[in-house]
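One chain comes next, on its own, written as structure tokens: the form predicted alone.
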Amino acid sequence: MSNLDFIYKRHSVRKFKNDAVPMEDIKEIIKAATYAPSGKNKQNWHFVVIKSKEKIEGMANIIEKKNSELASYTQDKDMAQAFTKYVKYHTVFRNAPIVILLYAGPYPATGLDLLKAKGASNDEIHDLLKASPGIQNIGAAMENLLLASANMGYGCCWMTGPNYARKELEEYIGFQKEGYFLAAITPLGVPEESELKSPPRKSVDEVMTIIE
């Protein structure tokens, strides 16, 4: 187990100290992220590093506003409350010194053109795309980022909850690259010690099937 300690150091961190993160550390973490596997070596990722506290707070405000707007679409108070109660988790990055936005770029699913050529149904195309191979590349990069950060003494939190405000955030950030969209967010900073814990995991026997 000792050889895998770098994995068990990773926790979802939502509270950070005020310590700055040196740019050389940020670059080393991003470099580690780019060593993730990607189908056809497309490397269809881009990392946007936000250092401005004003910009970070602006992002949080956008999410809060969008959260409130979406909640107003229903007359069901319980449904609205069930949604709005999570906004505090969708904005936990606001107390971090750094926020990293991970953008996903185009990735052609293997066989998609052939299915379209034969006039495949929407169900057939959806069945091919539901594995989201391009997004799997992004997930691998984010996991590398999290593991590298933890091994260097930093904390992160893989966030996709705020994606309901993705378009507004993209416009606010102003980053544009053809075919790319915001897929995930993580804060980055020195964690408060109380944050270095994780919920229990399911047993290996529960999640593993052996076929001989």
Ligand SMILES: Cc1cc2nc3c(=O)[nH]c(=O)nc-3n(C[C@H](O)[C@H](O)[C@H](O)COP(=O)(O)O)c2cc1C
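One-based numbering along the sequence shown. Computed from a predicted model, the values in this text were never measured in an experiment.
Beyond the structure shown, there is the form predicted together with the ligand, which is absent from this document and is the topic of what follows.
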query	finding
Residue among Ser194, Ser198, Ser203, Asn18 with a heavy atom within 4.5 Å of the ligand in the model of the complex	Ser198
Option touching the ligand, based on a heavy atom within 4.5 Å in the model of the complex, out of Ile30, Ala165, Ile173, Cys157	Cys157
Site test, His11, Arg14 and Gly161 vs the ligand in the model of the complex, non-hydrogen atom cutoff 4.5 Å	yes
The ligand contact in the model of the complex: Leu101, any heavy atom under 4.5 Å	no
Contact of Ala71 with the ligand in the model of the complex (heavy atom, 4.5 Å)	no
Distance check, Phe83 to the ligand in the model of the complex, heavy atom within 4.5 Å	no
Contact of Ile138 with the ligand in the model of the complex (heavy atom, 4.5 Å)	no
Region of this chain that lies against the ligand in the model of the complex, out of 106-114, 73-81, 125-133, 88-96 [heavy atom, 4.5 Å]	88-96
Residues in 28-43 close to the ligand in the model of the complex, defined by a heavy atom within 4.5 Å, in order	none
